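Only one chain comes next, encoded as structure tokens, the form predicted alone.
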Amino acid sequence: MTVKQLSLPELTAACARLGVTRVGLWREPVGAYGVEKAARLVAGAGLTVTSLCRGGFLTAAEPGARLRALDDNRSAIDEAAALGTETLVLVSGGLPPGSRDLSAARERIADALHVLAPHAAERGVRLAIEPLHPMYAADRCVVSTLAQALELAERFPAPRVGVVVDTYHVWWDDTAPAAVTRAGAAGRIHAFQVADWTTPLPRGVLTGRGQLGDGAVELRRWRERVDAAGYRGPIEAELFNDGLWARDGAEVLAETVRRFIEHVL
């Protein structure tokens, strides 16, 4: 999504030129291209898929909507397995229409995970709960902190359900470093993503993730925390930014690699 203006063939070619060997993919472009075709394309370019984003939206109270969400997440698990990634990122979902009950919404996430975790285990896929910044709690994700994500994940075996540490969403939370340590000790950090926080936020706030080094987040310090917690997996740069999307995608990818080396490593 950092360079969503690139087609999948353009993305794989740009990664090959830059020596990037791993890539996180999103379901929408993969689905449009064809899951099996995308899997062959990525493998043929020598790339490993680090994660598939996203499943989730599991908070619906209406029975039909819940069944549709479960079916969609089973499909997402199957797609992740087909792409050869062991990690499916979950954005859990916001409050159902007319509801103000955050606790009940989080319990419905747990109920859904009880259904989905066995299917994921059969496919060799881990479910990674991503907490989102509280500004998204009403409409997108009632899981706002790493501690809340861990409370859900810890109801399941660590190899099956864990968490995503995304600097954009957790940098502000002074309890998050302890949660990183707790998650790492249990082997529950299933993905680590970096983006910077810049202001003012754009209208709609979804596309406000700053280029690495442009904002307020101590990116290297977060990387060091996650390292110290025992995480040895990939680090994904995930930038939703209209300004970046308006530029040449190959140029943005090269810039992001340089910024990653400068500000994260």
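Note that the structure is a prediction, hence the values are computed from the model and not measured. Position 1 is the first residue in the sequence shown; the rest follow in order.
One more form of this protein exists, namely the form predicted together with another copy of the chain; it is left out here, but the text below deals with it.
Exactly one listed residue, out of 157, 187, 124, 134, brings a non-hydrogen atom to within 4.5 Å of another copy of the chain in the model of the complex: 134. Contact check for residue 64: every heavy atom lies farther than 4.5 Å from another copy of the chain in the model of the complex. Contact annotation for residue 34: none of its heavy atoms lies within 4.5 Å of another copy of the chain in the model of the complex. Contact annotation: residue 213 falls within 4.5 Å of another copy of the chain in the model of the complex, judged by heavy atom distances.
In the model of the complex, residue 203 approaches another copy of the chain with a heavy atom inside 4.5 Å.
For the three residues 193, 195 and 223, a heavy atom within 4.5 Å of another copy of the chain turns up in the model of the complex in no case. The stretch that touches another copy of the chain in the model of the complex, counting heavy atoms within 4.5 Å, is 213 to 221, out of 229 to 237, 56 to 64, 42 to 50, 213 to 221. Residues 133, 134, 135, 137, 138, 139, 144, 145, 148 are the ones in 127 to 155 with at least one heavy atom within 4.5 Å of another copy of the chain in the model of the complex, listed in sequence order.
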